[in-house]
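Only one chain is given next, in structure tokens, and it is the form predicted alone.
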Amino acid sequence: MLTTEKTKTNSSAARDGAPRKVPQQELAELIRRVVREQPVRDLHTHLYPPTFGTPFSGSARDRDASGLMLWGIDELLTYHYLVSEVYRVVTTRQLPYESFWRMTKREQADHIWKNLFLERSPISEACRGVLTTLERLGLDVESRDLDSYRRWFAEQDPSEHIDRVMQLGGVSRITMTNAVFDDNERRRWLDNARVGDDSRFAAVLRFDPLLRNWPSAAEQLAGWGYAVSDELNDKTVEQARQFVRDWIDRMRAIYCAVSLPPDWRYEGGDDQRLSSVVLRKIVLPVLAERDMPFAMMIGSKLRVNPGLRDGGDMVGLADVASVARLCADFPANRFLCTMLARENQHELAVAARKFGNLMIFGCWWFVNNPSLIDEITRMRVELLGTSFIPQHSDARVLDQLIYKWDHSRELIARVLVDKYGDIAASGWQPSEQEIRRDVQLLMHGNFENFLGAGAK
């Protein structure tokens, strides 16, 4: 009798135009296909369009040595992940850091290719990422012919290459990170009012020194014409707020962001008092006024090994309780947050269950490895359902968008196959329409919705 009633119910639903439930044997392939097909809005990268200059171009006359748009095989091979990795196998006695940094970009890439790809199998995630990128671009990975890869990239037009990479990575829009206290970048915004006009890219105002070193930031603001002082009096607060407003407007930023060390504490001791005051009196009031989120990336210890430059940063345990207090104290503000330490991920996900104004996102840097992406994504789904943002690329080289999203989609799909399978086993058979709705939220909609009407 139960089977008959269930059959009647399903037949009635079909006649009423309800979504067709997906048979169990088709479910896994459908989920993988939906995840592959869903365009993603990449919420955090360090990428730029050609208007910011490119140090590599098919035409020598178009090259800009200080340009910010990084792309091509030599940039892929000299990414700081691989610089750190090569020093695992070539000691500083064999090649001192200063000797490596005196090499040309091409020489550095040759050195890394030789030691990590030819003399050892490239099985680390960073090495594998280079191979995935080359293969997806249609290059012959089996040939191991670095010069042929260079020739291919040299033939590409930078702007057209962006379109190709975005299509292969399934990325609908790229979110930049625009550091206003970086002289090179700030000059480009000031010298060219249209520098940020490329519709493929959205800007994010990043101002780490405001929170990490207020006296130094105040000195710079004063030099830029803002009447501020070390003392956070009413005049300084209003002038600093105006600085944030001015740069939000100039960049047309969609959110503001900072990177913070693991020992950062909201309302911490005397050494962190200024950081909390700047956040409470300057940053968060402006963002509430503009209806914009504030992103915090917490957990990087800078230059633990300065010889490695960008590759010399380390991970540390952050304070989730500070994030929770901010969410509680500023309910009119919205907070995006990612943390670097694996040990922080569970507590951060639990905090997100308690505060609707907290959106956790991505597997950042040292946790952007397949085993940890799988673990963290499973835990987040189990605690938060579909109400988080599973990944961002954090790409610094344009071509990395391809492998970072290829690899992440595979892992996200694997988790969803298991989780939809679990509810199907309980009798709740998801439809294709429902699966597409959920995947759209995870890969695009949650970020879009969290931005707010004023920042899209």
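Just so it is clear, the structure is predicted and the values come from calculations on it, not from any experiment. A residue's number is simply how far along the shown sequence it sits, counting from 1.
We do not show the form predicted together with a small molecule, though everything after this point is about it.
Trainee: Non-hydrogen atoms within 4.5 angstroms of the small molecule in the predicted complex: do I31, E37 and Y403 all have one?
Mentor: None of them does, since no heavy atom lies within 4.5 Å of the partner.
Trainee: Name the residue from F100, Y81, F294, W71 that puts a heavy atom within 4.5 Å of the small molecule in the predicted complex.
Mentor: In short, Y81.
Trainee: Select from the listed residues F153, W364, W214, W113 the one whose heavy atoms reach within 4.5 Å of the small molecule in the predicted complex.
Mentor: When the small molecule is considered in the predicted complex, the option within 4.5 Å is W364.
Trainee: Would you mind picking out the stretch of 72 to 80, 161 to 169, 222 to 230, 246 to 254 that comes within 4.5 angstroms of the small molecule in the predicted complex, counting non-hydrogen atoms?
Mentor: Only one stretch qualifies here: 72 to 80.
Trainee: With a 4.5 Å heavy atom cut-off, would you call K419 a contact of the small molecule in the predicted complex?
Mentor: No.
Trainee: For S259, is any heavy atom within 4.5 Å of the small molecule in the predicted complex, or not?
Mentor: It does: once the small molecule is placed as it appears in the predicted complex, S259 has a heavy atom within 4.5 Å of it.
Trainee: Considering only heavy atoms, tell me if D310 and the small molecule come within 4.5 Å of each other in the predicted complex.
Mentor: Result yes; D310 sits at the interface with the small molecule in the predicted complex.
Trainee: Does the small molecule get within 4.5 angstroms of any non-hydrogen atom of H44 in the predicted complex?
Mentor: Residue-level check for H44: yes, a contact with the small molecule.
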